[in-house]
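Given next are two forms of a protein chain, the same chain in both, each as structure tokens and marked structure 1 or structure 2.
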Structure 1
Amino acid sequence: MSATQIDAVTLDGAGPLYDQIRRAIRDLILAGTWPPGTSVPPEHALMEKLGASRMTVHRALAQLAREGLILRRRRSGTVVASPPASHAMLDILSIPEEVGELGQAYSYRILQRRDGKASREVAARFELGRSVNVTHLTLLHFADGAPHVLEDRVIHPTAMPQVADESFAQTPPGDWLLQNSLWTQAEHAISAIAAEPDEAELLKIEAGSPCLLVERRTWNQSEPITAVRLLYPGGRHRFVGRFGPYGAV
């Protein structure tokens, strides 16, 4: 929507021209100089500014559109896209959505919150250095009133200073982070573990029952944002993905 500084587009002279243009615009988007919603200059403006033919400019923009960084529409032009909310196979980024897709009613409860230096136990669980300040939360998510998943999370206030003023009364921390943080890397791990007695009691299953443990950590440019452990009662949950040998189907 907002106006755009076309002069911000500068080429580095390395590699094919269409790729220089693609990278120049991509970098402006990823650096936040052109936030989501920003208008990207039309092809003819970039042609003149950069001295390239329209085909070459178009090739750069078409590739950015394929990658999902920009949205293009005839007449109304090109705008910077919002980062995608969900993600291929394993992505269960939003638990409210996950429950909603099962057709069940969602609710959640914060069991505990502690801001400050991580205890030795929490530090070990999330592989944190000693004396790192974090916000540590445990939550229980419900589907139709029944326990759905147990969440154990740390948030790094260095990356998210706003966390101190957020109560998470309206929005669970996972969704709040999705809306308020920019992440560039994530790591997922899946394993099967037996529920500890305290966990089993919260999830209303028997101690020792098999559970699916999904661990996710996210970073912005190697600065950690959050780490979470999601414990799903086994049997009731499966993560499914479908694809072909050359990519998603």
Structure 2
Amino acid sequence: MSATQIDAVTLDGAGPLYDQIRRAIRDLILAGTWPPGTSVPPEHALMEKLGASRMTVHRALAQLAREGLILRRRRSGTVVASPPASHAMLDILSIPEEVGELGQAYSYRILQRRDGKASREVAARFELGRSVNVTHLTLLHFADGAPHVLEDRVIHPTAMPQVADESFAQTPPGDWLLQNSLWTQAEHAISAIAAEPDEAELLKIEAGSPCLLVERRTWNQSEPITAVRLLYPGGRHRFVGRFGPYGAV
């Protein structure tokens, strides 16, 4: 553990001390400042730096362990955990990688971004409360210059506060989340729907054409991170997963 590392743990002064410590360490992990495998300062060092009791520091670290952000080992100490692995059809897809595997050139365009309270339409689409603040993004992804998939996404700034400073000019939001968030639960659904006129225009297909809709939500414990709807032209795509009785093969 370096002096720089312990100095990076700073409190925001809001709420109980144990929760300030938990948030300070969580934010360092989610921002990538402490990547997987990084040693977390021991309890006594955090106590001295932050003026906290052993019980307070222990409570903060225990909660981080329950959230899957750190691993506590009796002899080797506490380290930042690696993101959980995903499986086959339930993979958290990287659209740039998806296009690359087709041997095509990837690009994307942000069509819309809105930060603040969810509109009535967005709240209904993603089953949100009207008082919830979100970052709402609409993107069009391209493969060799042709529309590949239409993305409609909300990100919860309570779970990902750094989204406020991210323009997504260099990295699309799905890949940015893969790099910066840790999730413990995911919900995944695929359905067949007909393209609405505005969607069809963007995807350069006929209105009413069959499409595959991939919907996914992710949480860290009970805290929502993101929800996304990915609309693929049905005639151009299929999803394949090979698996055995113990998971993907």
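Under this definition, the rigid core comprises the largest set of C-alpha atoms superposing within 1.5 Å between the forms. Bear in mind the structure is a predicted one, so any value in this text is a computation, not a measurement. Every residue number counts along structure 1's sequence, beginning with 1.
- Matching each structure to its source, the form predicted together with the DNA turns out to be structure 1.
- Once the cores line up, the CA of residue 180 ends up less than 2 angstroms apart between the two structures.
- When two forms of a protein are overlaid on their rigid core, residues whose CA moves 2 Å or more are considered shifted, and residue 22 is one of them between the two structures.
- When two forms of a protein are overlaid on their rigid core, residues whose CA moves 2 Å or more are considered shifted, and residue 147 is not one of them between the two structures.
- The Cα position of residue 70 changes by 12.5 Å between the two structures once both are aligned on the rigid core.
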